[in-house]
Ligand code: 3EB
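Before any questions on binding or motion, here is one chain by itself as structure tokens, the form predicted alone.
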């Protein structure tokens, strides 16, 4: 795993994502050269309103950081904001960030809710001129519980797959990077990054393409890429999906969070090496991490992996630690991240 140099400065681009102390979101944080694109808050406690408008989302999962952090997206170029089809959005000339909170009515199946939400998102981004989903975050309640004899995560996969298949011909060739994590509060929360132009999906040689998973994992394949590379012209970015202790399609090291972390780091190393081979960009060379999110099923596991995690991610990494359920019952943690070069 690359050790990051905290003195490295991220190149300017269409946006930046930072994890900031909530106390920094006072008057003066935003300027003409740093305009808000989105605010994502975690924890379900006190919320921190902004003095300016932008899409915002409060995700009711516990933070494990020593201080409360908020995820803030900013743009160095003019931003247009609005709401359409129950999707709040902010966009500059290259990228659009959107937030969707589809309602899940009592008795309604999650695959139906997910299908409708993704259909709306896919139509919306095309209409707005940002037709390519680059990165999506999904937070769904009771992710491992059954609903009408099928696990809710699998129902989510069915709905997402059907929406992509109906609206995007050849969709399996350019699926976004993605994360799916579990909430205990009711609801489905989605936020996403959509862009103009194309991007390059990246798979992991240690892991089967999720689209090719055998049907034991879901009646319809999980529809995401292991990572995506985006060339912005002045620099390139790598967006890594939520990565678990999975080799080929099998979960490894059930019940052992330390061994799962070691396997996750091997998966990320393999992904970085493969990305260099297929994209021509080695994101381990003179790169900084814009964000890492570490998802832990059990908060009590953090002391067991904290030192290894800090060493692997490096002193310059910006890390958000979240206590969530994960898409497979046996998975105890996942890591996602993004690199800029």
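Treat the numbers as computed from the prediction; the structure is a model and nothing was measured. Numbering follows the first chain given and starts at 1.
Keep in mind that the form predicted together with 3-(2-carboxyethyl)benzoic acid (3EB) is not shown, yet the notes after this line are about it.
S.K.: Quick check for you: of 97-105, 192-200, 152-160, 253-261, which stretch puts a non-hydrogen atom within 4.5 Å of 3-(2-carboxyethyl)benzoic acid (3EB) in the model of the complex?
M.R.: That would be stretch 152-160.
S.K.: So, in the model of the complex, is residue 224 in contact with 3-(2-carboxyethyl)benzoic acid (3EB) at a 4.5 angstroms heavy atom limit?
M.R.: Contact with 3-(2-carboxyethyl)benzoic acid (3EB), yes.
S.K.: Is there a heavy atom of residue 75 lying 4.5 Å or less from a heavy atom of 3-(2-carboxyethyl)benzoic acid (3EB) in the model of the complex?
M.R.: No - in the model of the complex, heavy atoms of residue 75 and 3-(2-carboxyethyl)benzoic acid (3EB) never come within 4.5 Å of each other.
S.K.: Do residue 171 and 3-(2-carboxyethyl)benzoic acid (3EB) come within 4.5 Å of each other in the model of the complex, heavy atoms counted?
M.R.: Residue 171: no, not in contact with 3-(2-carboxyethyl)benzoic acid (3EB) in the model of the complex.
S.K.: Determine whether any heavy atom of residue 213 comes within 4.5 Å of a heavy atom of 3-(2-carboxyethyl)benzoic acid (3EB) in the model of the complex, and answer yes or no.
M.R.: Within the cut-off, so yes.
S.K.: Name the single residue among 322, 17, 331, 25 that comes within 4.5 Å of 3-(2-carboxyethyl)benzoic acid (3EB) in the model of the complex, judging by heavy atoms.
M.R.: Contact residue from the list: 331.
S.K.: With 3-(2-carboxyethyl)benzoic acid (3EB) left out of view, which of 246, 79, 122, 188 would have a heavy atom within 4.5 Å of it in the model of the complex?
M.R.: Exactly one listed residue reaches within 4.5 Å, namely 246.
S.K.: Mind listing which residues of 126-142 have a heavy atom within 4.5 Å of 3-(2-carboxyethyl)benzoic acid (3EB) in the model of the complex?
M.R.: Contacts from 126-142: just 138.
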